[in-house]
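First comes one chain, alone, set out as structure tokens in the form predicted alone.
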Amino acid sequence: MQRITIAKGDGIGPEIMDATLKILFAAGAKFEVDEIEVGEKVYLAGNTSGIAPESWDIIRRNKVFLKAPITTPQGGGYKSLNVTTRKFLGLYANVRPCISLHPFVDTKHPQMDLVIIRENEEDLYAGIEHQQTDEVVQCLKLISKPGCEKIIRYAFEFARSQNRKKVTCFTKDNIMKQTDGLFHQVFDEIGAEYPEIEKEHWIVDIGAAKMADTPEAFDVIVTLNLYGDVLSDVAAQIAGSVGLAGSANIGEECAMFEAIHGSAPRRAGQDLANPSGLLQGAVMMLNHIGQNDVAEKIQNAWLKTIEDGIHTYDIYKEGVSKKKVGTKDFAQAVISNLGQKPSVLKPVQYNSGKVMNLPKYTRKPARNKELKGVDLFVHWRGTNANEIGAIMKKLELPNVELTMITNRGIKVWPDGFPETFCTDHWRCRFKPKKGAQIQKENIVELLNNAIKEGVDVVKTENLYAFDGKDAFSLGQGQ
């Protein structure tokens, strides 16, 4: 018998979890439950991660985790349990279906039926931030080849298994040519293995505008972590309500399923909350553990309930809805509809017979890596780029020279514009002189010279070429 881990969470969490489990068991779901406590009580007991070590053991043993929303206390260094869980367990794929329930749930997009597949472990969500000067903080955007390959292959395998026809990649690689550029490159490489699936790429800003205006133009969207976080909430809302959406977080070993909304403490204990978001997460869980027939039965009963106009307060609308119900009565209505299918909304059929092929990532052979220079990031409170240029030239070595200074990415030396506003954070690029080479020992020499000249170097970044191709950005305007 399959065992799963559940957490009832905070706020409305216990109510919607009880309602969801009642529906699952009434439909014939076959699993046993181990319950753990996560969230606000655990945080306030002094655990900044919101989960006890022994709870991790249960989740890792069972491999499947159904989690209700939790409350993360403000301040105090408390870490997001969602982010922690995704990264600890390697849950690299976040899957969010966003489907219109028109005309029974209000939406301007009656034909909408898309799935957003979001990379879940890296990008800016690595959370690596530093304050480097009085005026400048940084956040590192980390994109890896394995991360790209895993999420993009997942998107194509998902599309194939669900009989979906198109996969769209969203990036901002016209600006971030190294990081987002890698994601786009891998999309093209892996997409070539799926000739039967249509492929396209959009720059994320205009792509997001298109999705918000014409979501029916998309089928499966795959994108990086931050973009996917924003886009999936927008998509859920324009489909009808964030409160109706669930998500799956899939890894090579474990998986977590949840609603995408928060714990809504103001609605707790009033038998008002809509359990649909968590129920949608649970339906994805049933598909994940191979109980497709039960998932199909529940989803069709849920669609029939929505179609019958049995609605909780959040989606109730005069003239469309037939009856306003609370959490318990909504769950009972779904149970009463088990075995039935909607007549206006499209019934679901989950047994496609196509198995997703998701091989583990294998590391590629090492590429030829060559040091081409170094960027010294300097804290300097002046505003004249020519002045700092003169200072930094004093650091030069017989074989290494200053070639460029940027401020917030824009080239300000040599030949900068006096109109350019400068902060106190300067990137100073040193490269080998013509015909010379640079060694790592030279970087140490540059830093020693900086100390002698009283230059405050807050960070260094080595510049490399891989297989003869420069792998670092130019200065804007260079």
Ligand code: NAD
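The first residue of the shown sequence is 1; numbering continues from there. Whichever C-alpha set is largest while still superposing within 1.5 Å between the two forms counts as the rigid core. Remember, predicted model here, so these are calculated numbers, not experimental data.
The form predicted together with this ligand exists for this protein as well; it is not shown, and the discussion that follows is about that form.
Chemist: Taking heavy atoms and a 4.5 Å cut-off, does residue 261 contact this ligand in the predicted complex?
Modeler: Yes, residue 261 is a contact residue.
Chemist: Please run the contact check for residue 116 against this ligand in the predicted complex: heavy atoms, 4.5 angstroms, yes or no?
Modeler: It does not: once this ligand is placed as it appears in the predicted complex, residue 116 has no heavy atom within 4.5 Å of it.
Chemist: With a 4.5 Å heavy atom cut-off, would you call residue 132 a contact of this ligand in the predicted complex?
Modeler: Outside the cut-off, so no.
Chemist: Hey, in the predicted complex, is residue 273 touching this ligand, heavy atoms inside 4.5 Å?
Modeler: Residue 273: yes, in contact with this ligand in the predicted complex.
Chemist: With this ligand left out of view, choose which of 267, 164, 288, 102 has a non-hydrogen atom within 4.5 angstroms of it in the predicted complex.
Modeler: Exactly one residue meets the criterion: 267.
Chemist: Using a 4.5 Å cut on heavy atoms, which of 296, 314, 173, 122 is close to this ligand in the predicted complex?
Modeler: If I apply the 4.5 Å criterion carefully, the residue I get is 314.
Chemist: Just one of 306-314, 212-220, 359-367, 335-343 has heavy atoms within 4.5 Å of this ligand in the predicted complex; which?
Modeler: Result for this chain: 306-314.
Chemist: Note that this ligand is not shown here; using its position in the predicted complex, name the residues of 3-36 with a heavy atom within 4.5 Å of it, in sequence order.
Modeler: Residue within 4.5 Å: 12, and no other.
Chemist: Would you say whether residue 364 is displaced between the shown form and the other one, judging by a C-alpha shift of 2 Å or more on the superposed rigid core?
Modeler: Superposed on the core, residue 364 moves its C-alpha less than 2 Å between the shown form and the other one.
Chemist: Determine whether the C-alpha of residue 199 shifts by 2 Å or more between the shown form and the other one once the rigid core is superposed.
Modeler: No, because once the rigid core is superposed, the C-alpha of residue 199 moves less than 2 Å between the shown form and the other one.
Chemist: Compare the position of the CA of residue 271 between the shown form and the other one after a rigid core fit and state whether the shift reaches 2 Å.
Modeler: Yes; residue 271 is a residue whose C-alpha shifts (by 2 Å or more) between the shown form and the other one when the cores are overlaid.
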